[in-house]
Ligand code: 3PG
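A single chain, nothing else alongside it, follows as structure tokens in the form predicted on its own.
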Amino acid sequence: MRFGIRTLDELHLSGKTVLCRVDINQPVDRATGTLKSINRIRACVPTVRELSDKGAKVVLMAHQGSDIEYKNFYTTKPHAAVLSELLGREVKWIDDVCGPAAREAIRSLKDGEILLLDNVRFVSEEQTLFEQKLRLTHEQQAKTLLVEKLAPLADCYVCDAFAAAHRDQPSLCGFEQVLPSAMGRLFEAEYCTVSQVMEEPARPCVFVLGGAKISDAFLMMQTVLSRGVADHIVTGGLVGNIFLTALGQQIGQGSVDFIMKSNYGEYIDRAKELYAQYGDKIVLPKDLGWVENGERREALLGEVPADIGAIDIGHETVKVYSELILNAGTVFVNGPMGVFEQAPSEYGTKAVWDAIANTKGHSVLGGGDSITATEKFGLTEKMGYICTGGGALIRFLSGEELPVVRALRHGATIPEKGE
């Protein structure tokens, strides 16, 4: 048991029916019905393989697509094909979640067989509006349709969906109320990795925070600075621009206009407060880059033209950031240094990412844009650990107890049959 949660080592799996919640949500090409990426599917393969190899009847539950708009939902059928290929064994699929067809398919499974159910968000109680409006307790989630229909067919529950651990939904938090539960290998690895960053990071501990998800960055900064986790926070992207604006630096009117139009003005005051308290640990850009007539331009702070929009850090900033990263004991990364998708403004992110790849310290990287940048620059194999979690990772690093972690701790108290 780790952190009060069972691991797979503590479950008797042979001949048992295991409900396993995974996060294999991937971008879909609707024109071809194929997946644009398989990273999250690949990440859960070790858990699925272990369950199958140990003789469990494996029932996989997953969501696909953002549920802010119903039209974003998509079937999990292509995921079954990818899983089958990665595992080298058949993964059955059924276009049902908890109805009679799904339940009969579960009853028909033989030891070692794997079944993927359709998108759990086709069930209304798995949707965000349901979660946010009703705010069911975990005990109430155990009485929802999904749990009441599937739990009686299972011997235990495994959650391998760390990326969704910040969500409070029945497929993630309800089954642990009625079934002996454990975390899968991916969940275990990610939870232990981010716990290490928060509790015992090798020093110096450097946080690289950039990108455009301002609320995430400020949530993390407040926590890791107040707790003394971060020795240095290097900033880029919109995060850096907001701090520079807060300190009265010229970053170009285009950059300021973007901040205000995006309703990020409130973060300027928060940046002032954070810098006043922790300015010795927050490292800001020394120069900025922008694109003019298709060509890259750079200028030191104080020399930035008033009419530009800064979309990257400059060479002088890269020197400072790279030295801190190369000499770090731990590097946590969330968010790029600029608009890395375009060649004229990719320099800052690529240079900082090269430093991360070559640091002697342990690097932990999370967030969709960070992972995309890593793949673009061909550095995936050189990073220490790449987290699948986005929202869950941010909320954990902001000091919040994740709903799924709390649920799994409860599930660890439920004995297996025969114990």
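From 1 onward, residues are counted along the sequence shown. As the structure is a computational prediction, the values presented were derived from the model and not from experiment.
Just so you know, the form predicted together with the named molecule exists too; it's not on screen, but the next bit is about it.
In the model of the complex, no heavy atom of residue 57 sits within 4.5 Å of the named molecule.
Not displayed here, the named molecule is kept clear of residue 244 by more than 4.5 Å at the level of heavy atoms in the model of the complex.
Of the heavy atoms in residue 128, some are within 4.5 Å of the named molecule in the model of the complex.
Heavy atoms of residue 221 never reach within 4.5 Å of the named molecule in the model of the complex, leaving it off the interface. Contact annotation: of the candidates 325, 120, 142, 163, the single residue with a non-hydrogen atom within 4.5 angstroms of the named molecule in the model of the complex is 163.
Contact annotation: the named molecule lies within 4.5 Å of heavy atoms from the stretch 163-171 in the model of the complex, the single such stretch among 84-92, 176-184, 192-200, 163-171.
Residues 23, 25, 40 are the members of 15-48 with a non-hydrogen atom no more than 4.5 angstroms from the named molecule in the model of the complex.
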